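This document opens with one chain alone, in structure tokens, the form predicted on its own.
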Amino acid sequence: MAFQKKDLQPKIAITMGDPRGIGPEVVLKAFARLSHQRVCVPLVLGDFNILTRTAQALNLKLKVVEVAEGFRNFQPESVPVLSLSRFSGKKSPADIPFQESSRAAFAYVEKAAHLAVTGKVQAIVTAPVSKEAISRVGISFRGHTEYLAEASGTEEFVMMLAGQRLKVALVTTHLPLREVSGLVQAERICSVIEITNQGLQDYFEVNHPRIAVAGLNPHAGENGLFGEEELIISQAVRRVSQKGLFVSGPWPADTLFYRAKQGEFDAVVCMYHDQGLIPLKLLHFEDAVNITLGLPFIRTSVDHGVAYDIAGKNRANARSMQAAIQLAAQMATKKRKSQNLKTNNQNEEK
């Protein structure tokens, strides 16, 4: 990545994730790797004591700096932190109280959403939290994607997982598998295809995206032999194709992802969570990025969980966090340039 002028760098809020998990470790490792090629003005929403202890334990040449709300340009080796919790810096991750850790993890996300909705940041990058842990302390939380959509009043949004060789977008996200069939609806599938198409154009410089749509049932239903959901999917594909989009399907999922990996398609629209994430993680377990398309702001995330079992052991891989920060900065920069171009064109027309 190349340097940008500081006044052009996007402001990005980075949540620390669950204090009991690997979030603090991957955030700091990503900062260390990006310290001399930073293309954003970052602000970590988390815990100053935990990040300070973690940086020392990892022997990273980073200076954790506590700041009040607001963004400033620091030296590349600095990690500016808006501390929204205050845990003891002497405690290991496992010693942090479960309930307090879960509430803090949600507070970081809540603050990030507020900063984004009010326009104080152009992007959010989220470290992992446990949906189960947050829910167990009485907070309604199905995941970052759904929460940020609700916080921003966004009705139509798409969860995309992106790697260099494969990109998948989901029609349904965090739901029991038994509920998926009833939510395979033409309107929703059309929306996912169109938002995915726009996202590929806006952020990945694909002028004419080739989008494949997976069937729900084995062999894409075998013309109704194994299910009728493919009739609904076919209806959606035809409807979107009539608008000029390059979309095809429904294709049998057992061969589709190989075809996408070989370069036949730019993205695959999947009917349910694991249909897309299993092949995505097989190819990009360490460097995939979770993107929420359709929000009024940019949001990327790591594509892994809290990994409580290795927290505090210097075993966490930070490649996904590093890629998430880099991609968020690139997306924010492209969005700003696009908006400036649109404004200039409108002024010229006047």
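Residues carry their position along the shown sequence, with the first being 1. Bear in mind that the values here come from a model prediction, so they are computed numbers and not experimental data. Take the two forms, find the largest set of C-alpha atoms that superpose within 1.5 Å, and that set is the rigid core.
There is another form of this protein, the form predicted in complex with another copy of the chain, and it is not shown here; the text below is about that form.
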Using 4.5 Å between non-hydrogen atoms, is Arg33 touching another copy of the chain in the model of the complex?
-> no
Though only this chain appears here, would Ala116 touch another copy of the chain in the model of the complex if you measure heavy atom gaps against 4.5 Å?
-> no
Does another copy of the chain get within 4.5 angstroms of any non-hydrogen atom of Gln275 in the model of the complex?
-> yes
Mark Gly143 yes when one of its heavy atoms lies within 4.5 Å of a heavy atom of another copy of the chain in the model of the complex, and no otherwise.
-> no
Per-stretch contact check against another copy of the chain in the model of the complex, the hit in 202-210, 144-152, 88-96, 248-256 (non-hydrogen atom, 4.5 angstroms) | 248-256
Though another copy of the chain is not shown, can you say which of Ser78, Gln198, Thr173, Gln185 has a heavy atom within 4.5 Å of it in the model of the complex?
-> Thr173
Tell me, out of Arg103, Arg239, Lys111, His219, which residue has a non-hydrogen atom within 4.5 angstroms of another copy of the chain in the model of the complex.
-> His219
Would Arg178, Lys261 and Phe285 all count as contacting another copy of the chain in the model of the complex, using a 4.5 Å heavy atom cut-off?
-> yes
With both forms fit on the core, has Glu228 moved 2 Å or more by CA between the shown form and the other one?
-> yes
Align on the rigid core first; then say whether the Cα of Pro80 has moved by at least 2 Å between the shown form and the other one.
-> no
Compare the position of the CA of Ala253 between the shown form and the other one after a rigid core fit and state whether the shift reaches 2 Å.
-> yes
